[in-house]
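First, one chain by itself in structure tokens, the form predicted on its own.
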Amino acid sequence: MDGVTVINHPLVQHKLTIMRKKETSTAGFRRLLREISTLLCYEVTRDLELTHETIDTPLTTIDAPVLEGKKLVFASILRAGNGLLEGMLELVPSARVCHIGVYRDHDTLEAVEYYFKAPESLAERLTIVVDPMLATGNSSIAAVEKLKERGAVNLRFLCLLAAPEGIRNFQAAHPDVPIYTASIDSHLNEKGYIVPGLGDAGDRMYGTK
């Protein structure tokens, strides 16, 4: 699909398969999510712009590459987004963090906002929005809308799994925001869950029902 990057690195796909298994424990699921999020973060930041600064090595002075511009922002859609956030911060510990509280009403499938806290100067930063699942797309659409209202203009969306329905809905609302995912699954069931999927990511990560 245009505007969608599927991260098909063998380690990503292997870890995703283990996460899909219903017998994978809460501890195992949580560990794998942290590991896979680091790999996903590596791919979603692959084309960051670089500049150079003069440094002294033990042997000489050189112009060496460093990231250009203000620190990245990782925007986590609560609560499941925090599972991706942990691994990404291990790779980019200097990143700023935004938390967006949006949940899906299980009856209407619409997004309901309850919390928003973001760093300053969003307009000057790349903001990577993270949520394990892009199902109906309603929560992700609402989260990106809130970020744009606060000034964010350079956004990317990163998820573990995406459904074709969610991709279509998200791209219709935010055609300027590229999507990065480890898998495009088959479809949504009547309850709005991704099939084959891996169940509810938040429940599996935190051991709740």
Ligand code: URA
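Residue indices: 1-based, along the sequence shown. Values in this document were obtained by computation on a predicted structure and should not be read as measured data.
If you look for the form predicted together with ligand URA, you will not find it shown, but the lines that follow are about it.
This chain is displayed alone, yet in the predicted complex one of 128, 135, 77, 85 has a heavy atom within 4.5 Å of ligand URA; that residue is 135. Although the partner is absent here, residue 194 is a contact residue: one of its heavy atoms lies within 4.5 angstroms of ligand URA in the predicted complex. Within this chain, residue 201 lines the site of ligand URA in the predicted complex, having a heavy atom no more than 4.5 Å away.
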